[in-house]
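First, one chain by itself: the form predicted on its own, in C-alpha cells.
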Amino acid sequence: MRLRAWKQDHMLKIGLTGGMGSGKSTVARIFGVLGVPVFEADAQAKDLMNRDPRVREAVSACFGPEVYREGVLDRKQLATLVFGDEARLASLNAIVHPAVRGAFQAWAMAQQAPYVLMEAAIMAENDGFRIFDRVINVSCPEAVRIQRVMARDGVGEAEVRARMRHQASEDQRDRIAHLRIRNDGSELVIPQVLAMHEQLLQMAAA
C-alpha cells in the first residue's frame, strides 16, 4: 500500500533503533516497501563526512588530514584512531551526529507522507532521540545478536563484544522506546511491522 500525500505539519517523525545484529535494517526495508520514506543515518553519516565541507574540515582538524586520501575518507584509518578511545569516539560523534540530525530535518521537510522514519544505531546514547514523535526499538537478546554479527561479518565473538561496548544496552534502548518489534525468532517480524504501520497511520491522522 502506497502512502498518499500528507501535509507537512501533520507528519510524524519516527526513530527506529536497535543493537548491532538486531535486524533493524531489515525492519527499515519492510517499512520502505510499505511506502514509508526511510532515512538511513549510518549511510548519511558516511556521505556527510565525504561531501559536507564543514564536517570534512572538523574531522580533519580533529583527526588529521591523513584520514582523507585523495579527497575520500579513509574509514579504516578513522576506525583505527577511534577504536578503544572513548574520548576520540566522543569527539567524532560530536561532529557527525548533529550534522546527521540536521540533514534528517531538511530531508523530512521535503517528504509528503503521514510519517517518516530514521534508522539509526546510535540513538539512546545521546539526546538525538528527542527529535522524534515516537521511537521504535528492534529488540533481540545479546547472545542472538552476537551470533548474527559473527556470521554476517566473519569475525570472532571478542571483536563483536568490543564493538557492542560502544552501543547502548538493551535496557537503555527500551527506556527511550515507545514501541518495540521483537526479532528474536519468537514472532514473525512482518506482521509486527504491518500492525505498527497501521498504528502510526492512525496516530498521524488523529
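A residue's number is simply how far along the shown sequence it sits, counting from 1. Keep in mind the model is a prediction, meaning the values are calculated, not measured.
In what follows, reference is made to the form predicted in complex with adenosine-5'-triphosphate, a form of this protein that is not presented.
- The partner is absent here; in the predicted complex, the one residue of 161, 152, 178, 46 having a heavy atom within 4.5 Å of adenosine-5'-triphosphate is 152.
- Partner contacts here mean any heavy atom within 4.5 Å of adenosine-5'-triphosphate in the predicted complex, and among 48-56, 24-32, 170-178, 65-73 they occur only in 24-32.
- Contact between residue 15 and adenosine-5'-triphosphate in the predicted complex is not found at the 4.5 Å heavy atom cutoff.
- Although the partner is absent here, residue 166 lies well away from adenosine-5'-triphosphate in the predicted complex, with no heavy atom inside 4.5 Å.
- Among residues of the shown chain, residue 11 is not one whose heavy atoms approach adenosine-5'-triphosphate to within 4.5 Å in the predicted complex.
- The closest heavy atom approach of residue 20 to adenosine-5'-triphosphate in the predicted complex falls within 4.5 Å.
- In the predicted complex, 183, 189 are the residues of 175-206 with at least one heavy atom within 4.5 Å of adenosine-5'-triphosphate, listed from first to last.
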